[in-house]
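Just the one chain here, laid out as structure tokens, in the form predicted alone.
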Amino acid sequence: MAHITIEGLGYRYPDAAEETLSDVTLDVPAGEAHALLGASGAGKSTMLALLSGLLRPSRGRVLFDGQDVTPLAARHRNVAQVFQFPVLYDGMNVLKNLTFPLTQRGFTKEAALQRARHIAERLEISELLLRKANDLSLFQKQLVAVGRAIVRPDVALVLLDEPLTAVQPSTKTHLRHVLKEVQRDLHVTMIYVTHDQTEALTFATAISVMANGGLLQTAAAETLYNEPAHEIVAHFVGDPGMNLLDAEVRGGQVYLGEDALGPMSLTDGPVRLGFRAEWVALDAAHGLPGKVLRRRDAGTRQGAVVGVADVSVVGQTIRAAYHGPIGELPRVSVRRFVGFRGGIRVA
């Protein structure tokens, strides 16, 4: 499996007014499970097409293990891809679907069978080997499609393009688990494209958040959640997303209206204040005056009701987690926050 390096990648579709992808630089170590996370139109699918060789970049380079593969056609890159809907030979059984890519590469029949059975065992589909692909459920077909993608040991990179979109919600968790286990066991370099943060956060070692054709931040899930580098990352990652309020820094203190929240080591001026729902405390004694607009109980913990409330604070609405009873007019205090200027994190 290859170490993937992307250097200043840009792409403009013919007759387009501007680039779909702009100045993307990314490093994916060999054997890493990496996710490209972003909303529709972020540029994720264009990135996959450039990595696979289906598109040639307008500028920049793609390197596999230090070798520039930018000019190479798709068939010369040893890249395998899994799509939203599984692509199989329906008339063949599962075993033949798995061995076909190997025999086409010159593997002996015995070697191809051994490798196919090994992959089937890892994917927990050994009992399906003699069944026709056309007779499988969509979930089973997607497992076989994953198997076809990783069965060749010479594959440099496996690309997964929204692979769980068509799978029933009840089986998505299991398929994610199987994918993650196989990736880890076989040390396969995988890049997983999704708009679903749950899929990205539970599958990938590192996640790149994309928006408007650019890469905003690459980090582990915990860093994206606690230390977002951009307002879009703060809003997109987490459920609910991070609260983002208009505030002001004056004399080393950050103010919401005329109320000071705490110290912030920024120059004076407007700032966007970001904080998670669980970084907020609601009580009757401390903090800013607030008013509960709506509450959504999620269950109980240690005998007390927990949930998330919409709370109005100095004319702006935040989401605050609660544990236990809250009054109609609670006080609101923020235990931790970050600042953004021009959309970029500054504290």
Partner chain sequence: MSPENNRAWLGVLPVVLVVAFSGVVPLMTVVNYSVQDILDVHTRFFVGFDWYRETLRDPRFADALLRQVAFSLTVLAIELPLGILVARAIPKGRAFTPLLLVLIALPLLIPWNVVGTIWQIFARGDIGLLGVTLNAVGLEFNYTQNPLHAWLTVVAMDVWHWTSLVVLLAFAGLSSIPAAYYQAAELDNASAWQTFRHVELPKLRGVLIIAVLLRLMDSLMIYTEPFVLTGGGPGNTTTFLSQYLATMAVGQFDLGPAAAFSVIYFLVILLLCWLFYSSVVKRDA
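In this text, the rigid core denotes the largest set of C-alpha atoms whose superposition between the two forms falls within 1.5 Å. Positions refer to the first chain, counted from 1. This structure is a prediction, so every number in the text was calculated from the model and none was measured.
The following text describes the form predicted together with its partner chain, which does not appear among the structures shown.
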According to a 4.5 angstroms non-hydrogen atom cut-off, is F107 in contact with its partner chain in the model of the complex? no
Taking any heavy atom pair closer than or equal to 4.5 Å as contact, tell me whether K172 reaches its partner chain in the model of the complex. no
For G213, is any heavy atom within 4.5 Å of its partner chain in the model of the complex, or not? no
Examine Q81 and determine whether its closest non-hydrogen atom to its partner chain in the model of the complex is within 4.5 angstroms. yes
If contact means a heavy atom within 4.5 Å, which one of 112 to 120, 192 to 200, 68 to 76, 258 to 266 is the stretch that engages its partner chain in the model of the complex? 68 to 76
Can you confirm whether G241, G339 and R345, the three residues that make up this candidate site, all sit within 4.5 Å of its partner chain in the model of the complex, judged by heavy atoms? no
Which residue, V87, A220, L138, L130, is the contact with its partner chain in the model of the complex, using a 4.5 Å heavy atom cutoff? V87
Since exactly one of P270, P153, G252, G91 fits, which has a heavy atom within 4.5 Å of its partner chain in the model of the complex? G91
What are the residues of 189 to 205, in order along the chain, with a heavy atom within 4.5 Å of its partner chain in the model of the complex? none
Quick check: R105 between this form and the one not shown - does its CA shift reach 2 Å or more after fitting the rigid core? yes
